[in-house]
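Here are two versions of the same chain, shown separately as structure tokens and labelled structure 1 and structure 2.
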Structure 1
């Protein structure tokens, strides 16, 4: 239930999500306004970004309208542990991918990132790390040809 002075309609986390989607979509449309959009038959450099931004705005509107019909839900306070752990994991991955290889960096990213949730199970985390690392290596290194070494040696 909503507290005193707070309206009893509007799911706050979903309203914030809708505002972010609409804001990013509007920013993208503004940034691509100088690019030629072209037509569906002859797409210009601004065509796809405008379509994606329009979809972002549409999704934001749908999420926002649905959130306004639900009961009020407050936004939980930010927990610093997950924010710090995930941010540091990504920074270390970015550095380690070129120096320690994709496999070790990816394993580190997933295992260290799992520390953000203290209730995680190690067996699940290790299986997920192995599967995602294999998938990432196949797709990015072999499939797309990303110039990252697989191993440090």
Structure 2
């Protein structure tokens, strides 16, 4: 993000904020464009969402303009490893829990999730995965009755 040659103006975190606000506001306006706005007395489904999106875009613009005039501030360094590993293991867990059962899904989640933090010992990870899976199966599936198959068959 903030490599060398960054101009000395621009508060990057705030510019990112502005981008998120304006982006979400625009997305909302696009999604509600087909909805009936109605009048103040008989508000349609589209009235308030449009007001909120408009305000959001306005605030995004103000935050963005102010940020451009301020001294340069870099965004904290991003480590992609935890972001990707954690997100992917969550997504795979969701599919695995439905199609392959809780035991395999949970083992996968913990072993794969542990890869987000390099340097762990395999023995510890495997013991942790087995222990947590047993605990989860007992407490959530048997104890609380969460509707999920335990095994793939």
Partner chain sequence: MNFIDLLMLGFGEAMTLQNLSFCLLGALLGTLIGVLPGIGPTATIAVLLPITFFLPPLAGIIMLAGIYYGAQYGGSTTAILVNLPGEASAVVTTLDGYQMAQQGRAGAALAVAALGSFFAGTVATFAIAIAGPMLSQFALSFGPAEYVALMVFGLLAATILASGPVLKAIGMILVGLLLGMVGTDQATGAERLTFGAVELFDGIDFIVIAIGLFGFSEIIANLERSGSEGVTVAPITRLWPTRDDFRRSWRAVLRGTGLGTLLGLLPGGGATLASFSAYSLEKRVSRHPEQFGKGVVEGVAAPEAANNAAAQSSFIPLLTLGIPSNNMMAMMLSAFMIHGITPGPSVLTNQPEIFWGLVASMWIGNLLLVVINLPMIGLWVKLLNVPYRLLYPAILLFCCIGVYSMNNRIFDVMLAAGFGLLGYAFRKAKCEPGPLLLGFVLGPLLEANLRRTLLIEQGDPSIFVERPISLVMLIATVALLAMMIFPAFRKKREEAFQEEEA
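None of these values were measured; they are calculated from a predicted model. Note that the rigid core is defined as the largest set of C-alphas that superpose within 1.5 Å between two forms. Numbering follows the first chain given and starts at 1.
Student: Pick out the form predicted together with its partner chain: structure 1 or structure 2.
Tutor: Only structure 2 matches the form predicted together with its partner chain.
Student: Considering the turn of one rigid part against another between structures 1 and 2, what in 127, 36, 76, 101 is at the hinge?
Tutor: That leaves 76 as the hinge residue.
Student: Treating the chain as two rigid parts, state the angle between structures 1 and 2 by which the smaller one turns with respect to the larger, in whole degrees.
Tutor: Turning angle of the smaller rigid part: 78 degrees.
Student: Superpose the two forms on the rigid core and tell me the Cα shift of residue 43 between structures 1 and 2 in angstrom.
Tutor: Taking the core as reference, the C-alpha of residue 43 is shifted 31.9 Å.
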